[in-house]
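Below sits a lone chain in structure tokens, taken as the form predicted alone.
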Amino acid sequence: MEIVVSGIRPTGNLHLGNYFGAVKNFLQMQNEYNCFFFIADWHSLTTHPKPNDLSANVSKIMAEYLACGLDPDKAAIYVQSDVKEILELYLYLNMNAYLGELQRVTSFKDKARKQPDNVNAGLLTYPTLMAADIIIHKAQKVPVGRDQEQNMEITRRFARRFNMIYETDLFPEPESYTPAESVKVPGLDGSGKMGKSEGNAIYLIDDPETIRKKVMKAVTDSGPTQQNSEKPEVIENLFTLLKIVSSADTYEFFNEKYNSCAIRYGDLKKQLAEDIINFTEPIRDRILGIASDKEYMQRVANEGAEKARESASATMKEVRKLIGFK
């Protein structure tokens, strides 16, 4: 069975965009592949989070992914820092990584501009750690977005370089992988996709009143003036959300109202808010239940780390022998 590896940065709560994108893909993959899903707490240190923030965010992300349906009986779900073998491979890969190629990485240059007072070595070698995360399990597939494609090419380059230097075929060159076409969930601000930094998101942990307030503030226009006119982006976004969480009949009802110039955006928003609540409420209840069960959370993390360490340890025995360490 092919091996899939994917990291999850502990950077905040999951929103609807995450659910219909990465999460649904993960749920599909865990049934089809040998999956390793990890919470990338080492990666998050490049922005120097406080210790309490790091611990809380790791627990929060673990609870949310489990509540969404990631199954520890089907996939290894672990915290990156629980698998120390990754750091050893990270060191070896850095010995054959060149300063110039790391400095040319777009994500490094972008981060360096955003945090000029904290251009640390971890930020520079982020692609090397990402490569170690992946190839330590000899992954064939990695689900990533377009913004990570350059890092994936570097991962393939490092795997190829190691194989060439030590005259081996130990590491496959992993391919970027999208198991299914993800639904692009729009934000509530009228343009672009839903995201944490944009402040336009509905989070899976949001309570009903918060959801109602957010949806009622969603951007609209003054309404159509001609029948069957094309919807502007701000309105199309609301209808996209309606299509995702509401019934087909509900969507068609409001679509017909729009086409006949009889639409009342207030009514649409109220219906949309209630449909979002109906969709997220069961997930929110599971998140709260799982987050309160510290013993279960720790058991999942321990079992996932054991599976990941078994895989990583076997790889590192081969790596040490090839390099020349006893």
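Quick note: we count residues from 1 along the sequence shown, nothing fancier. As the structure is a prediction and not an experimental result, all values here were calculated from the model.
The same protein has a further form, the form predicted together with a small molecule, not shown here; the description that follows concerns it.
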Exercise. The small molecule isn't shown here, but in the model of the complex, which of 163 to 171, 113 to 121, 204 to 212, 140 to 148 has heavy atoms within 4.5 Å of it?
Worked result: 140 to 148
Exercise. Would Met29 show up as a contact with the small molecule in the model of the complex if we use heavy atoms at 4.5 Å?
Worked result: no
Exercise. Does Val319 reach the small molecule in the model of the complex, with heavy atoms at most 4.5 Å apart?
Worked result: no
For this session: Could you confirm whether Tyr33 comes within 4.5 Å of the small molecule in the model of the complex, counting heavy atoms only?
Result: no
For this session: Mark Ala76 yes when one of its heavy atoms lies within 4.5 Å of a heavy atom of the small molecule in the model of the complex, and no otherwise.
Result: no
Exercise. So which of Val300, Ala273, Ala63, Ala40 gets a non-hydrogen atom within 4.5 Å of the small molecule in the model of the complex?
Worked result: Ala40
